[in-house]
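Given as structure tokens, the chain that follows is alone and in the form predicted alone.
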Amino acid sequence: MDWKGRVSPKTISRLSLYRRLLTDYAANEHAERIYSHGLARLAGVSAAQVRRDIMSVGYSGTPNTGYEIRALVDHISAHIDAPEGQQVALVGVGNLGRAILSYFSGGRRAQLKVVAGFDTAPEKTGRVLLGCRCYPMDQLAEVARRERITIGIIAVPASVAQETADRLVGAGVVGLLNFAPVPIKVPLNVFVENVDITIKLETVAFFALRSR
């Protein structure tokens, strides 16, 4: 199935941000409700954008009382999460990979669980690293199918990024988060999010230089 054109990745990103902000806001401010302009201020977007995004998940507030936070969080979760959760594989357990494992090791997102790591280095495989068992690459297809993995995180050098993506896709993975500094090619039914840290940093540096 070609997902493109059905939903905007930017909308999903904002909804995910809203959910995190709402959860923190409710806990820190002991609040039960919030207005669109209040959420917009927290998210750094317009109130109109907040209202459009929230309407897309079938929820609406009122001008007098705003949004009920718990109900809104539940609506967002029902829209962007799989009820049974999703299993994630991490390929590349170097410094970046370990940082990713550390971030998710505390159950930060219960619906997304890194259940397997993969690497070519013998000293890293056959071990449990930050709560995640690490396997050799030749077991990727077997483990991915056994663990019902549908999402892959690529944290490998650019020279092997495409090969890694191909192997993940061949094992049934349909969503990729690519940290390798190179674009990868995938079938139409596979969604890829590229995170090139160098490009992001150079962009920040460009505007920082001009703000001096």
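Each residue number is its position in the shown sequence, starting from 1. For clarity, every value in this text was computed on a predicted model and none was experimentally measured.
Beyond what is shown, the protein has a form predicted in complex with the DNA; the following relates to that form.
- Contact between residue 63 and the DNA in the predicted bound form is found at the 4.5 Å heavy atom cutoff.
- The DNA is not shown here, but in the predicted bound form it comes within 4.5 Å of a heavy atom of residue 10.
- Among residues of the shown chain, residue 167 is not one whose heavy atoms approach the DNA to within 4.5 Å in the predicted bound form.
- Residue contact check for residue 14: one or more of its heavy atoms lie within 4.5 Å of the DNA in the predicted bound form.
- Contact check for 46, 49 and 55: all three have a heavy atom within 4.5 Å of the DNA in the predicted bound form.
- Scanning 70, 37, 148, 185 against the DNA in the predicted bound form with a 4.5 Å heavy atom cut-off leaves one residue, 37.
- The stretch that touches the DNA in the predicted bound form, counting heavy atoms within 4.5 Å, is 28-36, out of 139-147, 28-36, 173-181, 159-167.
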